[in-house]
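Below sits a lone chain in structure tokens, taken as the form predicted alone.
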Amino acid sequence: MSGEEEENAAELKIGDEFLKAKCLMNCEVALILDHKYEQLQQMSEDPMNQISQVFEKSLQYVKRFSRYKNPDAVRQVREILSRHQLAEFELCVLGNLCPETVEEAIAMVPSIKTKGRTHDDEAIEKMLNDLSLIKKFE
């Protein structure tokens, strides 16, 4: 972004490096850290020597704030949100916070309603309903 242009996530003005970056939802990070935790436990006779406090706290945090626990559900959430041509950070905010209404979704991610985007209230409602179904059947 140029120095003169002000960043504003509500309008998707976040800089090219962030628009192109791959973001992960808390549930995806939890799966990755869980896998690494298991690897560390298998590699060491005393797992506490290998696992740092920062790693453990990070794992606890993402587990606590993960809305989806099942790996298949996590994959389905990303697939559903990806169909709606969301920016990576929009996808992750919606996947992490799981808004229940269109109004909540727009309040959390105002950029989904900006000019030139195809997200009308009906499309957002369908997306939220699909996410809610995944949560119910997880």
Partner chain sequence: MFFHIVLERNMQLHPRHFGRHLRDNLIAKLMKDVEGTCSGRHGFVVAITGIENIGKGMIRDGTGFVTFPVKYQCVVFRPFKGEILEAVVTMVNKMGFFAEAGPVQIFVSNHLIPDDMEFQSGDAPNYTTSDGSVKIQKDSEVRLKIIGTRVDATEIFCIGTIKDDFLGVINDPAST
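Superpose the two forms; the largest set of C-alphas matching within 1.5 Å is the rigid core. Predicted, not measured: the structure shown is a model, and the values here were computed from it. Numbering follows the first chain given and starts at 1.
Not pictured, yet referred to below: the form predicted in complex with its partner chain.
Heavy atoms of D34 never reach within 4.5 Å of its partner chain in the model of the complex, leaving it off the interface. Within this chain, D72 is remote from the site of its partner chain in the model of the complex, having no heavy atom within 4.5 Å.
Not displayed here, its partner chain is kept clear of R83 by more than 4.5 Å at the level of heavy atoms in the model of the complex. Taking the partner from elsewhere, K113 is found to have every heavy atom lying beyond 4.5 Å of its partner chain in the model of the complex. Contact annotation for 13-40: residues with any non-hydrogen atom within 4.5 angstroms of its partner chain in the model of the complex are I14, E17, F18, A21, K22, C23, L24, N26, V29, I32, L33, K36, listed in sequence order. Core-superposed comparison between the shown form and the other one: the C-alpha position of K126 differs by less than 2 Å. For C23, the Cα coordinates differ by under 2 angstroms between the shown form and the other one after the core has been superposed.
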